[in-house]
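Before any questions on how it binds or moves, here is one chain, the form predicted alone, in structure tokens.
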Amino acid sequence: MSAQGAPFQPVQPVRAYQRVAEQIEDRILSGDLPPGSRLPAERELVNQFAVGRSTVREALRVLQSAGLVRSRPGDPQGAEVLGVTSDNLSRALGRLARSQISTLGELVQFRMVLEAESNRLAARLHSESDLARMSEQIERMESLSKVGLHAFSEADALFHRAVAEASGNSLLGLCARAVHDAVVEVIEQKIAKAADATVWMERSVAHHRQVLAAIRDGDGARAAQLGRQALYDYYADHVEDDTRRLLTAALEDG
């Protein structure tokens, strides 16, 4: 009697470098290898894993591509552990926005939803030190608006990270920075070429002062709406025509 259903598919043998990379990744994610620590030198890894040098180097290349380590072949100190950071996530989101899998409109809508909720929670849960961090970044934004858009955007990202971390949820802080960076990466050149880039930055500073005031006052609803509206105003003209409705829906639902 024949077996029922679709036949099984052939499997690919797992290569040694993949097993090496998986073990190192597990140690990084578990915290056994914290950011800033060093892996053993290549020679020691070869001995511990009982594999060839080329296998170890390929595993390190995979881990470096994933943003988990910084490695130089033959480094006697061993590869530096970077760990999981917003950079890993922002690069992945940036690639999605440039691919056919996702659109810039979807990414901006995601940021609208995320930022609104971060603002709302920060209004309820912030501390005085959180407010001081936010205020400091606004002052930096104002001073850097004369330097250029890239430096300005960095201070902007730190403001939103401070807001997200004021919620007490580290994942919000990580995602806030990643989504901000991914959107900026895709759209910064468009804004930089605009004739009113300086005006855009001045408007942004004024907006962030309004958000800070709402958070300080504990007005979560206003803080959330300010976040949604500003992102819509900044980016609606830059997203794809057929995805602008996503931004409109996020704004109206708020």
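For every residue, the number given is its place in the sequence shown, counted from 1. Quantities reported herein were computed from a predicted structural model and do not represent experimental measurements.
Another form exists, predicted in complex with the DNA; not displayed. Remarks below refer to it.
S.K.: Under a 4.5 angstroms heavy atom criterion, identify the one residue in Ala79, Met112, Ala178, Ala162 near the DNA in the model of the complex.
M.R.: Flagged contact: Ala79.
S.K.: Among Arg216, Arg53, Arg203, Arg209, which has any heavy atom within 4.5 Å of the DNA in the model of the complex?
M.R.: Only one listed residue qualifies here, and that residue is Arg53.
S.K.: Given that the DNA is not shown alongside this chain, does Arg61 nevertheless sit within 4.5 Å of it in the model of the complex, heavy atom to heavy atom?
M.R.: Yes, Arg61 is a contact residue.
S.K.: Does the 4.5 Å heavy atom contact test between Arg15 and the DNA in the model of the complex come out positive?
M.R.: Judged by the heavy-atom cut-off of 4.5 Å, Arg15 is in contact with the DNA in the model of the complex.
S.K.: Report yes if any heavy atom of Arg57 sits within 4.5 Å of a heavy atom of the DNA in the model of the complex; otherwise report no.
M.R.: Flag for Arg57 set to yes.
S.K.: Considering non-hydrogen atoms and a 4.5 Å limit, does the DNA approach Ala41 in the model of the complex?
M.R.: Yes, Ala41 sits close enough to the DNA in the model of the complex that at least one of its heavy atoms falls within 4.5 Å.
S.K.: Even though the chain is shown alone, can you say which residues of 58-73 have a heavy atom within 4.5 Å of the DNA in the model of the complex?
M.R.: Result: Glu58, Arg61, Ser71, Arg72, Pro73.
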